[in-house]
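Take a look at this one chain, the form predicted alone, written out in structure tokens.
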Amino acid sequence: MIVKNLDEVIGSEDHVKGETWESRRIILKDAGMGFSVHDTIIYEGTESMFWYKYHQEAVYCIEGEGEIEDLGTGKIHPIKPGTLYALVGHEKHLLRATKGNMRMVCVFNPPCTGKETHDEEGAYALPKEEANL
């Protein structure tokens, strides 16, 4: 059983910050769960471009308001507490936080290791073990 509190992650190596966001990575690949769980904050008044080419992601908003724009279709969806979106097609997207910081609980498959950083396309690299298949 794994029992972890967010306070254990804040300020640790699993608390990663970018210019427009921060991610507190709670469950990672080394936990052996087959997915990772992150508590992520998108800062109010910012726009963040992400594209998870090699991961599927489900995101549940618990604080703040904003929107997600699918860059493939141009469709914009509002986000507020209680909204979930899932990137089943690896959609390149923009997140905009418009009312307060948006706090999101994110689940990734395959699980993140915790060492990933977004590249110039907003993507994480292909996990090494999958690149060798």
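Residue indices: 1-based, along the sequence shown. Note that the structure is predicted; figures quoted are calculated from it, not measured.
Although it is not shown, the form predicted together with a small molecule is what the next lines describe.
Contact flag, Glu91 vs the small molecule in the predicted complex, heavy atom cut 4.5 Å | Glu91 lies outside the contact set for the small molecule.
Should Ala97 be counted as a contact of the small molecule in the predicted complex, where contact means heavy atoms within 4.5 Å?
No - in the predicted complex, heavy atoms of Ala97 and the small molecule never come within 4.5 Å of each other.
**Prompt:** So, in the predicted complex, is Glu69 in contact with the small molecule at a 4.5 angstroms heavy atom limit?
**Reply:** Contact check for Glu69: no, nothing within 4.5 Å of the small molecule in the predicted complex.
- Query: Applying a 4.5 Å heavy atom distance criterion, does Glu57 contact the small molecule in the predicted complex?
  - Reply: Yes, Glu57 is a contact residue.
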